[in-house]
Structure formats: structure tokens, C-alpha cells
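Given next, in C-alpha cells, is a single chain: the form predicted on its own.
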């Protein structure tokens, strides 16, 4: 029986074409800047985003650190939504590595920082205050259920940031899910931002790697931060090769993941005691507290049927659709949960 893993879109396995590309990638030494496959990926990513330059990094967390630390100085303040990935899941790295203070805001609808919020949050010039120098947003927003910023919301934020002399960094771990959901190109979504990070290793199905992009000046500094973090890789073309295929062939197929998430939401929505939350992309949060079982029991019941899920809180689960999960798998999950918990 096939194992159906809905814990995250990080569990994707590379396609056969990606594996072949890794096997036959042209290699150099990326620390010396002469790995041709890395160069090709970075140039392709920069062009896709209409940014001057891009940089391959080991992970999204490393990319976010490069984005924040390269554009601030120790003692500065960074403004973020309180449930953003950088705040919750990146091991206090802005403070530890960058000496940065985080100013967290409760986002509207769980994700949105409005111009009014940003204006109110920026510190005035005062001897006692840290200097507000950067705002970071997440698109799509993981903990809000994969919610997507609209082009208008982004442009309003960019204008407010510029008015307040703030740099803008986008944690776009799932940027291309936002592209597919909104129908707006990546270059349009990031137009006005100073830096952007996106992951190759989530829905794009690469085994490792993320991209940071921005101005050439920013990338020059980010390269130093990457090296400082131990991210100076040698024959990194074996990582970059599947990334090239991801950008060429794996973006449009994200629409299938979104469709499957909607099928899953619809299929579970009529189970009494189980609440499905709003789903815009490939992330569906469900609350099983009304089923009168523990989260551990829910996980164990599904595991017996070769379905793996992860909980955010005891009775709240995040189900993520991704490459390798087909419509038939989703229908199987729905059938299992109905048989286990739907009242006869």
C-alpha cells in the first residue's frame, strides 16, 4: 500500500528527470564562482523575478538570514507578522546571528500587515529606541493556512515601507503557490521588494536548496553572510541542476496541488465535529477537537492506514498537498477519515 505523507511539501521526492540532471550536471567550484550549473540556475532565477542577481543557498532559513542580516545592522529592529516562519521556526536566528530585535504584529486575517499597522509600528527617532530598518512578510503565509497576498496589498505595503525608509524582505518559501493562486507573475508580486527568498525544496520538488534574489549590491553582501554561515558549497551544481528543471517544469503543476487541497477540504467538510479552515493554496488546516479524540489518537488511526499527518497543536492538523500526491490519494484519505469518524 502506498504511503500518503501529508506532513509537508518538503517530503517531495525529485523526479527522474531531476535525478538524471544531477547525475550529468556540469560542475565547478561554487566558492570560486565557476560552477556553470549554479550560474545558470542563479541567472534563470534572477530573470524570472526581474532582479539584478540571485544566490543559491542551502535552505530557506539560511536565505532569510541572508536577507535580513545583509540589509540591517546590529541593534536594528525588524517588523514581522507574529506567526511568521522567521519568528516561530527559525531558532531565533535574527537575534543570534544578526543581533536584531523582532517587532511582531498581529496580522489581519492571520497574515496581513496593513500600511496603517506598519506606520504605527515604526519607531520614531529616539535615543531609547532601536532603529526600525526592515519589514519582512511571508507569501504564502504558512501558519495562516497558505494565504496569499494580493498584488494590491503588496503594493500598499511597499509604498508604506518606502515612506518609512524600510527595506522589504519577502519570505517566499512558497512564492510560486502564490503565483498560481493569484494568477500574477512572480516578477509582479515581488516588484517593489528589496529581497526575496523562495524554496526549491517544497512544492517545486527539489531535494535541497533555496534562492535569494535582489540587487547586485545585496547579493554581494548576502554571499558573505552565506559564507559566514558555512554555506559556501563546492560542486553545488548537483543541487542546482534539479533547481533548473523545477523553474522550467514544476511551477505550473502546483495548480494540481491546489485542486487536490480543495477536494480534500470539500471531502472533509461534512464530518460532524471536524472543522476545515479556509484553503487558498496547498495547505489545509483542520481542527478535530469536536471528534472527542486526542491528536495522538488521530495520527495513530491514520498511520494504520499508511497516512502520515503532522499537528500544529494537539487537535489542529496541517494537511499539505504536493508533488507525488495524486487525486486518488486524496480520495483515499477522505474515505479513511469518513470511515473512522463520520457518524453513521
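Residue numbers count along the first chain shown, from 1. Computed from a predicted structure; not experimentally measured.
Not pictured, yet referred to below: the form predicted together with a small molecule.
Although the partner is absent from this view, residue 90 contacts the small molecule in the predicted complex, with a non-hydrogen atom inside 4.5 angstroms. Contact between residue 71 and the small molecule in the predicted complex is not found at the 4.5 Å heavy atom cutoff. Taking the partner from the other structure, the small molecule in the predicted complex has a heavy atom within 4.5 Å of a heavy atom of residue 85. Shown alone here, residue 167 lies farther than 4.5 Å from the small molecule in the predicted complex, counting heavy atoms only. The candidate stretches are 198-206, 93-101, 226-234, 240-248, and the one lying within 4.5 Å of the small molecule in the predicted complex by heavy atoms is 198-206. Residue 173 is the only one of 144, 189, 113, 173 with a heavy atom lying within 4.5 Å of the small molecule in the predicted complex. 59 is the sole member of 305, 311, 280, 59 with a non-hydrogen atom lying within 4.5 angstroms of the small molecule in the predicted complex.
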